[in-house]
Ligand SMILES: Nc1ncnc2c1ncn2[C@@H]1O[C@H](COP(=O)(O)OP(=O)(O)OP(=O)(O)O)[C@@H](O)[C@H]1O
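One chain comes next, on its own, written as structure tokens: the form predicted on its own.
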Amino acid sequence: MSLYDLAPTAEDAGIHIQNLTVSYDTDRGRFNALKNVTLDIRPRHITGFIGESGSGKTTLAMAMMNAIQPPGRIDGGAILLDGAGDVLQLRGEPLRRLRGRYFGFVFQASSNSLNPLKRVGAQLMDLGRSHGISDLRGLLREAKALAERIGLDGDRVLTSYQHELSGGMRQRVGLVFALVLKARILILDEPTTALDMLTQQAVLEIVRSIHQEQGLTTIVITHDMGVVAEMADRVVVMYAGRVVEEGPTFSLLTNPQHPYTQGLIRAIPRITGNLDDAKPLPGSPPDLATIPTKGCVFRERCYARTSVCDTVDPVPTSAHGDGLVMCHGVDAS
């Protein structure tokens, strides 16, 4: 089997999430981390997931791979992957093979995904063997070329242990691991967290370049609105385990409809002008135990709250041409 035999066609990279609910057991009971999430991730697009910590961004990405671990549980819904069916119906070896064939995931804490007792190159060969790749030398050549494209010394990195690499280098090694098997769906969880500004720019440029060259479906999970504005074709805004707004990047950022999205944008400091113009969101994000079970989950922090927000869940309303927003204020307009 060659390095390229594992990759499905570029058309097989759309994800269709239907009424997905994920919950977690805690010492205070079982609570929803995601509730009734319905969303289409479009093939060959870069989609940005944005929201405060605890909004459900990483949980949604892990659920796409059917990788929620105890004490978490997927309580309902479907995740339909073009060309593969419902990912949530797979278990064991079929699920492992599907993940390896379709998904490349770069974790926020990249050092946690590296074995401190093995050199990077040895870990890469283990990865190749686990996916049935016979040309391991070809795999190493491909990894070296990718490493050098993102500003690393390929030979040095492949012969290094984890502790011999900086945080930024480990982050880029994670990107190499995610890309080298020719996955069709690339998920980047806070990809620039450990990087300085110049390296961040270089990594974002190479991600965009490889995304275009390989026709990937790319998901970028971030707190950084600037990364979304620069990278994403579409934006998914999440709050308390719900998608509250989604649409094309330019339209959503220039004309945000949901009060939460508006608040995120107002909180961004400007390089010029009065720094006091940046206004933080009032209140604190809810934890799993304090998310309202009915009504709008954002109502406690919303300037536009009305009585209907306390008891009635908002429904999706068309926005941004081909996007959506979940807000009673928009419904009434």
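What you see is a predicted model, and the numbers here were worked out from it, not measured in a lab. Numbering starts at 1 and follows the sequence shown.
What follows is about the form predicted in complex with the ligand, which we do not show.
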The ligand is absent from this chain, but in the predicted bound form, do 44, 47 and 249 each have a non-hydrogen atom within 4.5 Å of it?
no
Partner-free chain; cross-checking the ligand in the predicted bound form, the single residue of 201, 134, 108, 255 with a heavy atom within 4.5 Å is 108
Check each of 284, 307, 293, 53 and return the one that places a heavy atom within 4.5 angstroms of the ligand in the predicted bound form.
53
Choose from 299-307, 35-43, 261-269, 57-65 the stretch whose residues reach within 4.5 Å of the ligand in the predicted bound form, heavy atoms counted.
57-65
Please check if residue 223 has a heavy atom lying within 4.5 Å of any heavy atom of the ligand in the predicted bound form.
yes
Please determine whether residue 190 contacts the ligand in the predicted bound form, using a 4.5 Å cut-off between heavy atoms.
yes
Answer for residue 116 alone: is it within 4.5 Å of the ligand in the predicted bound form, judged on heavy atom distances?
no
Does residue 94 make contact with the ligand in the predicted bound form, using a 4.5 Å heavy atom cut-off?
no
Relative to the ligand in the predicted bound form, which residues of 20-45 have a heavy atom no more than 4.5 Å away?
24, 26, 33
